[in-house]
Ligand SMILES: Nc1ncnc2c1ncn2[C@@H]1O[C@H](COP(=O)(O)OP(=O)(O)O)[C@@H](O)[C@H]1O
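Single chain ahead, written as C-alpha cells, the form predicted alone.
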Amino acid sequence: MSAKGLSIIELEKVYPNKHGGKPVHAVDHISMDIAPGEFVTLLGPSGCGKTTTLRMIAGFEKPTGGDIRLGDQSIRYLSPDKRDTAMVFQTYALFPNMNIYDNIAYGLKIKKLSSAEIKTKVMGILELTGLTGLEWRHTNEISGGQQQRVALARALVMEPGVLLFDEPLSNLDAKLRIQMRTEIRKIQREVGITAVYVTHDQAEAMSMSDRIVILKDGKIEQMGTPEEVYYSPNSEFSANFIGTANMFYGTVTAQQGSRLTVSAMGKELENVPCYRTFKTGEKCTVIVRPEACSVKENGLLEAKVILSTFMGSYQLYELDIDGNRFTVHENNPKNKHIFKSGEKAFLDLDIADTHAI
C-alpha cells in the first residue's frame, strides 16, 4: 500500500444564506500539508467545518475555491470514484444483505479484479483487522466493534493513497471506543497509510494523532502535535477545547526572552513561559492545567475549597480565589491530606507549568 501526501491549499466552501443574509463560510481559506503516512485529526465543535473539509477531500462536496492535491496531482475536479481515497463512515454503510467477505470485496469487484486476486486481498485484510473466521457471517450477526472493523477493512482493501474517517466511533459505547481507537491507530501504523480523521472527541484526537488541527468557524485555530496543542495552546478557545484549563488574567510588568513577569491576583509571578512578545502593561491570560496544580496547607494563593471529590486516581478540587475558579487534579491522593468543602487552603503551582497568551 503506497501512502501519499495531501496538500490543502486555501480551501474554501461557501453556502448561500437561505434567509437572504450574508453567505456562510463553512470552510474559510484553510491550508495544510499532510505527510505520507501521517495521521492528522480535524478537531472542533459542531459547525466548525471539519466534516465539510473531509467531504471536499473525498469529492462529496465541491470547493468554492482553493485546491486539494494528492501526491503531485490536483484532485479538486475529480469525481469521488476517480480519487485515490477511501472513507470510513460514521454509520459504517455496510450492505446488510451481504456477508462480511462480500462487503469487503465489493469495491474490488467493481474494479473487475479476478476472483483469485480478490480472495488474496480480502483474506489478507481479514487477518490484518482480526476478522478471520467471520467472513461468512452477515453484518447483523456481529457486534458494533466488529462492524467497525469490517468498514475499516473494506476501505483498506482498496489500497487508497489516503484513508478518510468521518467520526467512525461515535456510535460505539465508551469502552469499545477506547479499544477501537487503539486498534485503528495500530492498523494505520502497520499499513503506513496516510489518514485524515474527523472527530469532536478530544480524547480520540489526543490518543490517535500525529498532529491535531483545531478548527473554529471554518478557520484553523491551531495546528500541532498533541503535546503542542495541550501544553502550548495559542488561544483560550484551544486551551478549553483540548482538556480542562484554568485561566487567570494579569498584567505584564517585564519580559526577558520567553519569560514574563506578571502581576495577577495580588502576586508578582516571575518566569511565566510565553511564546510571543508582550509590551509592558499589556494584559495577558495565564493558562495552567489542573494536574499542574496542588492544594496545600501553605502555598502561593489563599483559596476556599468549593468542591472536594474522590475520583480514584485523583482528588478533584474546585477552588475559589477572589472570584476566580480553579480546578485541581491532585494525583494519587491516598496518603495526602484531603481538604473538605468549605475549608481554607492554598493553591500551589509550578510557574514552569503555566503558559501565557
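Note that the structure is predicted; figures quoted are calculated from it, not measured. Only the largest set of C-alpha atoms that superpose within 1.5 Å between the two forms is called the rigid core. Residue numbers here begin at 1 and follow the sequence given.
Not pictured, yet referred to below: the form predicted in complex with the named molecule.
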item	value
The single option of L70, I30, A26, V305 touching the named molecule in the predicted bound form, heavy atom within 4.5 Å	A26
Residue (of G299, G66, G37, G47) lying close to the named molecule in the predicted bound form, criterion heavy atoms within 4.5 Å	G47
Listed range touching the named molecule, judged in the predicted bound form by heavy atoms within 4.5 Å, from 49 to 57, 325 to 333, 290 to 298, 307 to 315	49 to 57
Partner contact for Y15 in the predicted bound form: the named molecule, 4.5 angstroms, heavy atom	yes
Rigid-core frame, C-alpha of K334, shift of 2 angstroms or more between the shown form and the other one	no
